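Starting off, we have a lone chain in the form predicted alone, written out as structure tokens.
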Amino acid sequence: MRFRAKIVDLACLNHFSRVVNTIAKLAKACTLRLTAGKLYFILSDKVANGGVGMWCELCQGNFFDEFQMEGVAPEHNEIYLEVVPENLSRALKTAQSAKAVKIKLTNKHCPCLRVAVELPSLSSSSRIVTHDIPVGVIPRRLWNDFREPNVPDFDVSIYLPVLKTMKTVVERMKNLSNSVVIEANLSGEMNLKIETDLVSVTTHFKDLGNPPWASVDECQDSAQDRDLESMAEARIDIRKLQQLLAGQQVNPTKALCNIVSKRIVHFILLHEDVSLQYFIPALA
């Protein structure tokens, strides 16, 4: 089992750092899955038990100048590692003006991801700062726990408003309530609502547009047959929504959410070479 990679391009390095920073804001610990073509950051807290789920996918060719990996076996050419993303984020913070960053899986005293940052130097010799980040190797028998989640059979799918605007609204609401109702319909309308004994606040968004899932995915019949004005809604933990909106540094070109009434809200943030899915279960 081997893994080594190198980033030289500064724009790629900064973009990778932003993705890792986002993951660090969303998960204290997560699974890093390495394959020949992609990297995945996975959080599979059981949504049924009230935990959030996350699936972030990166094409390695868009970030790394060199990328070599050998999985646990030829027929299972993958590596699954348990990581604390904050540790990786901290290591990459020292690399903002680096000439190159090398990442390697090592096993001296315990399995580690070694992040070697080559910094610019005035002399001919280069300065290298090394971070050893402890990781856990996840055995093959547990891999099935980390498969890509299915897109839930949603009632409504809708594009999100400008995330900065949504973040400002949610941060203000968070001071008033622990939960928020997110509701949307197939006419491009979405509302964020809080209701307490003392106050009731609703923010309306219009003309957001609905993604054309129905034409490509036959399983979304419930959305197809739905009255366009009828709202699907779910009450979710406002802190989990705020965490996503405040933590994301992916700067997506597209952001949307799928609502399964009273069960789950599934957020998808898309950038050219990164996709981030985030699942927040509905509160009872």
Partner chain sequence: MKSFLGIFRSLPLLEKTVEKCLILLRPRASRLVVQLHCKYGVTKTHNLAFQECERLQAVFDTQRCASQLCAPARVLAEAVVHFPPTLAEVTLGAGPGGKLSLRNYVEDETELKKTMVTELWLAEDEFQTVAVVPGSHITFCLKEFRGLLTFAEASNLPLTIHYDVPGRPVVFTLDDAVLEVHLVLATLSDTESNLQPPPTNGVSHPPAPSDDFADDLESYMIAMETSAYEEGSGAPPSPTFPLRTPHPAESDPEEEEEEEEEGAVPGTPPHKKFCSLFFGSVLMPRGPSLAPTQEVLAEDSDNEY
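As the structure is a computational prediction, the values presented were derived from the model and not from experiment. Numbering follows the first chain given and starts at 1.
The same protein also exists as the form predicted together with the partner chain; that form is not shown, yet it is the one meant from here on.
Distance criterion of 4.5 Å from any heavy atom to the partner chain in the predicted bound form singles out 90 from the list 99, 140, 90, 102. Here is the short version: of 133, 160, 186, 79, the single residue with a heavy atom within 4.5 Å of the partner chain in the predicted bound form is 133.
Although the partner is absent from this view, residue 110 contacts the partner chain in the predicted bound form, with a non-hydrogen atom inside 4.5 angstroms. Heavy atoms of residue 94 reach within 4.5 Å of the partner chain in the predicted bound form, making it an interface residue.
The closest non-hydrogen atom of residue 129 lies within 4.5 Å of the partner chain in the predicted bound form. Using a 4.5 Å cutoff between non-hydrogen atoms, residue 72 does not count as a contact of the partner chain in the predicted bound form. With contact defined as any non-hydrogen atom lying within 4.5 angstroms of the partner chain in the predicted bound form, the contacting residues in 100 to 126 are 109, 110, 119, 121, 122, 123, 124, 125, given in sequence order.
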